[in-house]
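Listed next as structure tokens is one chain, alone, in the form predicted alone.
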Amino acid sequence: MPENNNNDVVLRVKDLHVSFYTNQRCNNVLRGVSFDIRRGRTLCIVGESGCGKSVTANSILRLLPDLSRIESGSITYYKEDGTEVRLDQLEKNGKEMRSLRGKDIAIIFQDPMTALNPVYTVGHQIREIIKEHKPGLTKQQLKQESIQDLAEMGIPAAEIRDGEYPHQFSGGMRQRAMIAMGMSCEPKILLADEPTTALDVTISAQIFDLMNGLKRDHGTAIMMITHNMGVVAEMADEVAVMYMGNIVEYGKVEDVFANPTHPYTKALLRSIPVLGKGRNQQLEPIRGVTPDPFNRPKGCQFCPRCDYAGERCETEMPSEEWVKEGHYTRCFHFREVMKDGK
């Protein structure tokens, strides 16, 4: 993706390659991923399970497992004072990286029940984060902050809930507690990894409202990971469509939804129900299966499942093609895809 020097960019990922090594085999999980996260805006990364969405978020915070490696590319965090920090060059457990986690860049994990420690109260876990980044506060001040953080997330009787354990919270309240932990130090960037998985529609809507409020009130930049195009329509300012470790389409959400230019994006949009079309609307599942990551196609990764694929697609990986300013795709046949419409 070409350089964009707008001063609202708070984090830039450029040509990121990440590999996992297992049993003398190498899985190239991310293959040249590039995007910007902007202050006060939400970027949604969407794609099927296993496409590399969570690996992207974990790469930013250097939370990758020991058998993984950032092969090349850069992850640059732009502080408000203009300082540039190359996150990919920091020691993942070093002092500087630990000082950024939670304070400047926070993450909401997919499953709050496994992310929260079951043997400590929710309030204790929030206070540990605050204490790490705001030294000098008294015990009473720390407790007041943790109670306030829970209350701001809409958790009733926050003073009582502060002393309760994760198993005493409902699924939606655990997710709110995770957001409270993530926002306890007012980070500049919030990474949300499928934050409403397994939650009902009402609770999901409440959590989305909370996240939009954080963006509006604090200018927080949000990167949300999801496989749900409905969530993208609800939350995103920009969207990055990911497939097999590549971003295959990137742009403003209104551009991508109104004029999808990659066959995979179009297939995702056709596979979800549309409000107002009634019970008899025909959903179109994406044909075929995701290729084996250890036995990838030589050319375009979507080629075996694509209705537009030609000979060139079988042998050559498409490069970025700009549809318009801020909207690019990786497809040799994007003009044909555009002509066919949604």
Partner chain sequence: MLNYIIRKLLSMIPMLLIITFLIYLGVELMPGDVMDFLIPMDQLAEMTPEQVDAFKAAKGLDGPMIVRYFNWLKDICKGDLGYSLQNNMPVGELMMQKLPATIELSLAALFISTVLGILLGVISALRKGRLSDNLLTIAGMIGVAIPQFLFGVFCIIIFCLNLKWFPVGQRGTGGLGDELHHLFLPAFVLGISMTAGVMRYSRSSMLDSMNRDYVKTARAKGLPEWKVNLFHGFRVACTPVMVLIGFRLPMLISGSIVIENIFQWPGVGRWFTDAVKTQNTPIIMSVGLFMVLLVLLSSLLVDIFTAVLDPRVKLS
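Positions refer to the first chain, counted from 1. What you see is a predicted model, and the numbers here were worked out from it, not measured in a lab.
Keep in mind that the form predicted together with its partner chain is not shown, yet the notes after this line are about it.
When its partner chain is considered in the model of the complex, Ile286 lies well away from it, no heavy atom lying within 4.5 Å. Heavy atoms of Glu132 reach within 4.5 Å of its partner chain in the model of the complex, making it an interface residue. A residue is said to contact a partner when one of its heavy atoms sits within 4.5 Å of a partner heavy atom; Asn117 meets this definition for its partner chain in the model of the complex. At the 4.5 Å threshold, heavy atoms of Asn58 reach its partner chain in the model of the complex. Only one of Lys188, Lys215, Arg101, Arg161 lies close to its partner chain in the model of the complex, with a heavy atom inside 4.5 Å, and it is Arg101. Contact annotation: of the candidates Ala240, Met181, Met223, Val256, the single residue with a non-hydrogen atom within 4.5 angstroms of its partner chain in the model of the complex is Met181. You can rule out all but one of 244-252, 140-148, 258-266, 173-181: in the model of the complex, only 173-181 has residues with a heavy atom within 4.5 Å of its partner chain. Annotation: in the model of the complex, residues Gln125, Glu128 and Tyr165 each come within 4.5 Å of its partner chain through at least one heavy atom.
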